[in-house]
Ligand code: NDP
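Shown next as structure tokens: one chain only, the form predicted alone.
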Amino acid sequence: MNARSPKDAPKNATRRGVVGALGASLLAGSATKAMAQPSMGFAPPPSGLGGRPFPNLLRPLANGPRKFGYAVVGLGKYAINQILPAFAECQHARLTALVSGDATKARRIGKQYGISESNLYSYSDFDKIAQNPDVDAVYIILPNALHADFAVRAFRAGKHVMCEKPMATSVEDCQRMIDAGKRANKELMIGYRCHFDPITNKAISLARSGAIGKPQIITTDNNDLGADTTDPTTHWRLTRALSGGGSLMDLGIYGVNGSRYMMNDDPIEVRAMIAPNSSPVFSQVEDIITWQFRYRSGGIAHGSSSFTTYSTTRFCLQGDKGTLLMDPATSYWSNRVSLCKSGDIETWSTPMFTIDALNQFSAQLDHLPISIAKGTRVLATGEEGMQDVRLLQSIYKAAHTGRAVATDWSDWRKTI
């Protein structure tokens, strides 16, 4: 990671400043297819809610004879700038293969990371990875609409799968991924990096400890200036066939998933509204969208996402005894949570560009091999990913119909 001067930090700390997507070559080929304070105090999940997404940063596991090997599928900005460098911090995972639609890029990056050319794959010959014993899992970092097909191919090749969020663009594709993993007897984990962020851990610990009393209202805002038509690496986000939607799929999912783990519950009703934008840039996908979740407890969640407002990632959880403010809430570094009670404010944060602040990436990569070695379920299961996709689709339905949409799938966890 290149060093940045202090004056550059606020600008470059935004998500879009370091994250793009895949190059124009992949789009052309796919368009036809549909540190914290030392004593953070980690609290265990409440009994009876073991399936709730709950972060875990610690990574105890005896060192084995070899580290768990990943093949990274898709070499866009997120993969290059965040995931690949994070392997240097991993205790149990290693990078062993690359998959890209650009052979020149794959060779250049492979050389930087010591990956032999025999472990470089294109999208067309990806299935040959089945014969590579160095690869235990694939990490899919592709446009959303391609997740399901590559996950199914990876399972057929006998590999475990880590897949970026959102899991897919339809509930049907989510189920297809889950079924393929079960047939192959392999793990499916969704890349919810915030579940491994120490500040997210702290915020959840505070919320569940009763520090703010009964949580009643949560507000989530995730916005980014992401509609840059001069940058071809962002075009897939504005193409419905590849993204499945606009700012909600790309940014709003942080608020959807975040409201679930901060409220420690699933909503039973959704309302939503999309703000009109006449720009041809948004002819296929939405720009500004807002939604409201209603919970059986009486709690309410307000969420928003946008591609044309100033970069913001902020959660605010209000209880009857205090408030938790996370700002930034889901950044790659420098996240911060403040506990506000009776005029007193206590704040926890992670500094930028430190090992602890980057642990969310390496901890996520290590979690899959740890779970496999221990025979325990991953925290971010395919079923959790599918629940978020259900909610995303319900938000779109509510926005397009102007009516409340019931989301009381109280029995969905019985399928886990």
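The numbering used is simple: start at 1 and walk along the sequence shown. Note that the structure is predicted; figures quoted are calculated from it, not measured.
Keep in mind the form predicted in complex with the named molecule is missing from the figure; the text below concerns it.
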When you measure heavy atoms, are G76, W236 and Y332 every one within 4.5 angstroms of the named molecule in the predicted complex? yes
Heavy atom within 4.5 Å of the named molecule in the predicted complex - residue from G299, G191, G319, G181: G191
Only one of Y123, F87, Y295, F282 gets a heavy atom within 4.5 Å of the named molecule in the predicted complex. Which one? Y123
I'd like to check something about S304: if you look in the predicted complex, is any of its heavy atoms closer than or equal to 4.5 Å to a heavy atom of the named molecule? no
Residue-level contact is defined here as any heavy atom of the residue lying within 4.5 Å of the named molecule in the predicted complex; does L325 satisfy this criterion? no
Counting only non-hydrogen atoms and a 4.5 angstroms cut-off, does R107 reach the named molecule in the predicted complex? no
Does the named molecule come within 4.5 Å of any heavy atom of Y254 in the predicted complex? yes
Which of 97-105, 264-272, 153-161, 284-292 sits within 4.5 Å of the named molecule in the predicted complex, heavy atom basis: 97-105
Can you tell me which bits of 279-305 touch the named molecule in the predicted complex, meaning any heavy atom within 4.5 Å? none
